[in-house]
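As structure tokens, the next two blocks hold two forms of the same chain, structure 1 and structure 2.
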Structure 1
């Protein structure tokens, strides 16, 4: 049922450029799709594995820079750039993830945060590679099979394919036994150990896969912007991903996808002032944590459980 709904929604979204010729709306659609992918990747680590990772922002940035540099400095294609973005991020995530995951959950959160900051500093200060605050402008549009994705509508379709592919992959993963095991580890780690499951490989795999997908999404997004500079690592992106996951309901796969599509439009609606928009984001975050800490999905679930309990009584 959910799957059928998702399929219909995906097909409707595919038709967006045929429905409207407004580049503005198509641009919003592109952002919405990419942010949804990044939020779904965050949902894998935070919602499923229970690891609140701020490193996603760092991976998003590394992905963007890796893709841009592959094309501009190393002469590769867009596709190679995205591949490198994913692979590099996966490798870095394995490397830094291991010491971070060995600590307690408090230290994990903070160390992922400092990782994100470190990436920002590198982007800003390693001028010989990243050109520092100037950034890397004029990223060329991707092309394949003699087709150039140079208009927003064409780029939109490319992003649509990317989104459907990654979301399908994530769904296959989260709905498999691996996803269920991640939830089990989040809920009761000692019990999983008593049942012969070693939590570390699962957590590390979730962390690395999520990093790779976030990186690929970052790579695609910077080619949408056509430029990458240190503002690509603005904390604003992390906040957006977090709000999408939290409002949708951490750990609910489709709820996060739906909230990603719905909330990505929000920044566009709130275009009147950057500061006011951020204040509203902050208020939404704080309010959500008090009113429905498990998101819309969690709230619905609680209601279902309550009626179940009542029925059993």
Structure 2
């Protein structure tokens, strides 16, 4: 049932450029798709492995800069840039993740936050590579098979394919034995060790895969903006990914995907009030957390249990 619903939703989203000619609405759709991918990658490491990682912001920025530099400095293509963004982030995650994961949970959170801040400083101060505050403008539109994705509608379809492919991969991973093992490690690591399972390889693999996917998403997003500069590492992005996961319900795959699409569009729906838009958005988020402290998935689970109890009386 969930897969059928997801397939219908994906087909509806694919038709967005055919439904509307508004570049603004299509742009909102592009952002929603990319943010949902980044949130799903965060859900892998936070929701399934139980590791709150602020390093995602750093991986997001590294991915964007890696893709942009591949095209603008090293003469590569957009596709090579996205590949390098994923591979570079995966390698960096393995390198920094191993010592980070050997610490306790609180130290891990601080370490990942420090990493994100360090990447921001590098983007701002390594002027010879990143051009510092000037950034790297005029990123060319991607092209493939004789097509140039130089309009919002064309770029939307490219992002749609990227999103569907990435989410399909993450779903296969999270619903496999590997995903169930990650959940077991999150819930009771000592018991998992007693069963002869070493948590470190699973945690490190989740951290690296999440970094690679986040980096690829950052690479795609910077080509949507057609520019990258240090503001690409603004904490707004990390805040957005984390809110999507928390509201959807950390560890619930489809609820996070639905939350990503809804919350990415919500600020735009509230544009009827420019002055109060973000205040209303904040009030809605706070109210949602009061009503659903375990997220949408947790709230639905509680309702199902309540209905089952009522039926047994």
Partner chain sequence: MTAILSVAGLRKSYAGVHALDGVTFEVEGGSITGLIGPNGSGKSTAIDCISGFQRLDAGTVTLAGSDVTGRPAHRIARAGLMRTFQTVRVYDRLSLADNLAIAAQQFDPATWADEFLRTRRYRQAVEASERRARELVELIGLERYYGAEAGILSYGQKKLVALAAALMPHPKIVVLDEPVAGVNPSRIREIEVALQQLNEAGETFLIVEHNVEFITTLCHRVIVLEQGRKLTEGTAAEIHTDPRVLEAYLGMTPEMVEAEMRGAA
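Residue numbers count along the first chain shown, from 1. Definition used throughout: the rigid core is the maximal C-alpha set that superposes within 1.5 Å between two forms. Given the structure is predicted, the values throughout are model-derived calculations rather than measurements.
One chain, two forms displayed separately, with the form predicted in complex with its partner chain being the first of them, structure 1. Core-superposed comparison between structures 1 and 2: the CA of residue 305 exceeds or equals a 2 Å shift. In the rigid-core superposition between structures 1 and 2, residue position residue 293 carries a C-alpha shift of 3.2 Å.
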